[in-house]
Each structure stands twice: as structure tokens, then as C-alpha cells.
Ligand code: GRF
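In C-alpha cells, the next block holds one chain alone, the form predicted on its own.
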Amino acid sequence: MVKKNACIFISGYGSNLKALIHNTRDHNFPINISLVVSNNSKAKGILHAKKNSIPYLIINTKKRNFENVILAEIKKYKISLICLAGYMKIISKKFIKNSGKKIINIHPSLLPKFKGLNTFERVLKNNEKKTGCTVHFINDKLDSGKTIVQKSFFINKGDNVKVLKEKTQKLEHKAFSEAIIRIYRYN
């Protein structure tokens, strides 16, 4: 199997990045992580890239041409798939169009419910019985692309934001890899 080159966008701890790095060690997993991009120079996830000798790019999203810098690196590393793994910036329509790549995102809710930020707080406030995560393709509307994988769990009576986040992240680590396998299963 010829593995595809992937780029992972992060903003924080990088737990999904870490899980994906682990899965790329399996010769049947369809991607290699060739680049990590972060908009946060203090993102702990950069340490996962360094530890595994994965090139990384820290970008300043306040600079006007930052998307062109990312696009140049994506071209340089022959990236086929972009994975947004806790990347806390909106991807512009221009970037989506100019990248010409498959872009997927993981979101900590059962989309189409609870798009955007503060998901866990809103899930609890709405007295949901169930929540989970969704891996979906990116389009030009926030958290609205075609779903690839969804995983869910029932919310227990005493669950708080911290507990929901922990349970959701455990599902995300499986869901992201499943989604990538589904994308490349027939290619």
C-alpha cells in the first residue's frame, strides 16, 4: 500500500495528533503524517511532532499571507489530506478552494447539533441524553460538511464539562482514524 501524505492542523494539546501518529505505525493505515501546522506557538501538540521527527509549521494567523505560506508547505510535502484536529481557526473559502485537497475536521458533538464553540456547556444546558463526536468533510459553512463517521455515548447524571470532554476525546481518537480508513478504503 502506498500511503498518502497528510497534514494535521492543531491548536492545543494534540491528543488526536498523538493517536494518529500511533496509528500511522501500522503499515495498513493509509496515511503518513508529513507535516503538522499550528496557529499556537505554545501548543503542546508540537512536542508530538518533534518527538516523532515530523516537520511542523507555526503560523501567525494575524499576518495577511499566512494561508499562502501554509499552501506552499502543503505543496512542498505533497499533501493529499488535511486533518483539522482541534484547530481553533476557521478555514477560509479561499483556502479550501486553493488547497484542492480533501480536508476533514473532528467536532466534539453529534453534528448537526452544537456547531461551533463551547459544545460541552451547550450539551449539558440542553439536557441532552447522548453526545459524541463527528468527523466530517470541510465545506464553506461552519461544521456543515458531509459526515464520514459519528460515535456517541450516553450522558450520565453527574457528568460535567470535564467528564464529557474526556469521554468525547476517547471516541475522537478512534473516530478520526476510522474516517481516514473509510476515505481511502476504495482508492
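Quick note: we count residues from 1 along the sequence shown, nothing fancier. It should be emphasised that the depicted structure is a prediction, and the values quoted were computed from it without experimental measurement.
Separately, the form predicted in complex with the ligand exists; it is not shown, and the next lines address it.
Although the partner is absent here, I74 sits far enough away that none of its heavy atoms falls within 4.5 Å of the ligand in the predicted bound form. Though the partner is left out of this view, L111 does not reach within 4.5 Å of the ligand in the predicted bound form, counting heavy atoms only.
Contact check for I106: a heavy atom falls within 4.5 Å of the ligand in the predicted bound form. Using a 4.5 angstroms threshold between heavy atoms, I91 stays clear of the ligand in the predicted bound form. Applying a 4.5 Å heavy atom cutoff to the ligand in the predicted bound form picks out Q169, E172 from 156 to 178, in order along the sequence.
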